[in-house]
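Okay, so here's just one chain, in structure tokens, the form predicted alone.
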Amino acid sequence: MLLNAKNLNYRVLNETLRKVDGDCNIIECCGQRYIAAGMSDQNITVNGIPGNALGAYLNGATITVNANAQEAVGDTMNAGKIVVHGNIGDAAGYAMRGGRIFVKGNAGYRAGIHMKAYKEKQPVMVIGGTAGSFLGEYQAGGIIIVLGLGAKEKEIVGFFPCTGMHGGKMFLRSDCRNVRFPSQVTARTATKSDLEELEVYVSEYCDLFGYDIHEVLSSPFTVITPDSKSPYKQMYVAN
């Protein structure tokens, strides 16, 4: 179904979307919030720029955005996939516990904040460009990948990555010589085993956006993991 979002406020747009039987192509989208929140088993294509909390609490649907997206993409999503053929704003993947987010371009601040795994669910976020400061803040599970494609001499992450990280894993396509990590995490060069794990997600990214996987994986990667599941335990427990 073709759904023209021009002149529709977000409530009307979302109420209409929920009545659609089958896949939906939204055109002339301009900042409407909460698109496809909590939806499952549907393919939704968005032409234009969706507003905050696109795919919040997503439960299995697939969302494709043929432009940029604003803040809180995939907020607390549980399952499904979000594909953005542009850049995204701040706090993407906030507290997501399942599903996958693929971003062709850059991400704003605090991408992956409070990301967590839940039972068999393993959330994954792949950012093709660069990420802003506080990437993976308080990450408790899941996988965050930043490829830095087109970054040239610019650092692919901003300040204070992995602050408060106590679970999960992060892959950065860089040697990270100039990146400062907190003392509670370990940053090391990716091994062959790491690259085999990484290839699954990078392969899907390359298929979605038309990149050569061999070229992408030819650069060094740094893997960041927490030293402890309770990195700040010493702040609250007496010795």
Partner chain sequence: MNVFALFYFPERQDIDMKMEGQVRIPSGCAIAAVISRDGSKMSGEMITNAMRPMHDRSNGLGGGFAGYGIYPEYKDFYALHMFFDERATRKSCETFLKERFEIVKSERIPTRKIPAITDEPVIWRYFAAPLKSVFADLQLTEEEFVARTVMKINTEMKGAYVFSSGKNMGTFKAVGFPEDVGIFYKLEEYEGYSWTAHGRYPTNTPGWWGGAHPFTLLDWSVVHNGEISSYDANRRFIEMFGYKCTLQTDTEVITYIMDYLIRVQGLTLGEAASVIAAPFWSTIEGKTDLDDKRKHTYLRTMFPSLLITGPFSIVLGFNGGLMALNDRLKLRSMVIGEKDDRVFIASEEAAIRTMEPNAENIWAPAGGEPVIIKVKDGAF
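Residue numbers count along the first chain shown, from 1. Everything numeric here is computed off the predicted structure, so don't read it as measured data.
Not on display, but discussed next: the form predicted in complex with the partner chain.
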Only one of 143-151, 111-119, 77-85, 96-104 sits within 4.5 Å of the partner chain in the predicted complex by heavy atom distance, namely 111-119
Q) Counting only non-hydrogen atoms and a 4.5 angstroms cut-off, does Thr62 reach the partner chain in the predicted complex? A) no
Close approach of His214 to the partner chain in the predicted complex, 4.5 Å, heavy atom = no
Determine whether any heavy atom of Cys30 comes within 4.5 Å of a heavy atom of the partner chain in the predicted complex, and answer yes or no. yes
Please determine whether Ser203 contacts the partner chain in the predicted complex, using a 4.5 Å cut-off between heavy atoms. no
None of Asn47, Gln42, Ser174, Asn68 but one has a heavy atom within 4.5 Å of the partner chain in the predicted complex; the exception is Asn68
Of the residues spanning 35-53, the ones with some heavy atom within 4.5 Å of the partner chain in the predicted complex are Ile49, Asn52, Ala53
